[in-house]
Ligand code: GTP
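A lone chain, given as structure tokens: the form predicted alone.
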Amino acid sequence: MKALILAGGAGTRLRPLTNAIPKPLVPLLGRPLVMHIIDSLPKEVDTVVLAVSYMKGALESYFRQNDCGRKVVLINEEEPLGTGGAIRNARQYLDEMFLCFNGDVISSLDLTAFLDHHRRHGGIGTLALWRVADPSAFGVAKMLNGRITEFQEKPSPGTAVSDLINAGTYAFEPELLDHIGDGFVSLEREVFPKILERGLHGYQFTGHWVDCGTLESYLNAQSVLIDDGEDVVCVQRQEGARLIGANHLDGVTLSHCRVGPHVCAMRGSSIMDGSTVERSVLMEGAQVGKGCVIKDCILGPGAQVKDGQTLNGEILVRGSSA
């Protein structure tokens, strides 16, 4: 079985971090974002197809060096194709029912149960659905007896037909490809409305769901995973470091500092005397000096915060001044 991951975006909302790292490889609790999806796939998925364009070489290098236990194929987009066009561009690999994912979503969806639901109900496809208070920024599905009867993409506030949104995970039959034209095609705006009569079903789930495309949502995802007990082991807790709901990887230096809640410090990073770090990530080699206050921040690989600095809601990379 194939799984297609739509990962062609440039990650502009996470710049400057994504100037050097493609969004699928941005680490979340020590694992690339895309690996959170790949590791969640059922065993029957033996091939992962990544629809990519931005920094394709970095992705090729990662998968050459890291065996994820499945065949990985990268399909390049020479120009933006939209969500529908990206699926059509990978059609040579999609000759049977397949899973499809938006590449920046982290969720607790049980994919085995999701596939079982699709197989039981038949039809051209099944969408994972998530309930929100304000659906105006998302695709919205109206359901009747489990079948989607109307789909709106980003409705105006107060006009949504339901509070169930498209959670960015799909099971599709290859027939879907017959309904996607050439060039740039929006799956949500141009395809879903015209395939409703072919049997487009919904599968609502609970637990957690986070789109990781922004600083705020990335940190939300990290917080959710930490609260859910994501298996990141702290092996070095130095004398005087006060830890509150923080996760650390091997080789982290903590010296008389306050860390947490919702902090991940990765290999080679350090937090020095008198500093406080809350709801942030320190990627490999990031350094926080003495007497600093860091809140709601991403410190990229090798980023340095000098003594006495305060940062709130910022993305800092190597070579930035702070």
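The model shown is predicted, which means the values in this text are computed figures rather than measured ones. Sequential numbering from 1, following the sequence displayed.
The same protein also exists as the form predicted in complex with the named molecule; that form is not shown, yet it is the one meant from here on.
Asks: So the named molecule isn't shown here. In the predicted complex, which residue out of I148, A86, A167, A171 has a non-hydrogen atom within 4.5 Å of it?
Replies: Selected residue: A86.
Asks: Heavy atom to heavy atom, is S217 within 4.5 Å of the named molecule in the predicted complex?
Replies: Outside the cut-off, so no.
Asks: Closest heavy atom of E190 to the named molecule in the predicted complex, within 4.5 Å or not?
Replies: Flag for E190 set to no.
Asks: Could you confirm whether A10 comes within 4.5 Å of the named molecule in the predicted complex, counting heavy atoms only?
Replies: Yes - in the predicted complex, heavy atoms of A10 and the named molecule come within 4.5 Å of each other.
Asks: Check P80 for me: does it contact the named molecule in the predicted complex (non-hydrogen atoms, 4.5 angstroms)?
Replies: Heavy-atom contact with the named molecule at 4.5 Å: present for P80.
Asks: Please name which of the stretches 289-297, 47-55, 64-72, 252-260 has residues with heavy atoms lying within 4.5 Å of the named molecule in the predicted complex.
Replies: Looking at the partner contacts, the answer comes out as 47-55.
Asks: Check each residue of 92-115 against the named molecule in the predicted complex and list those with a heavy atom within 4.5 Å, in sequence order.
Replies: Contacts from 92-115: N102, G103, D104.
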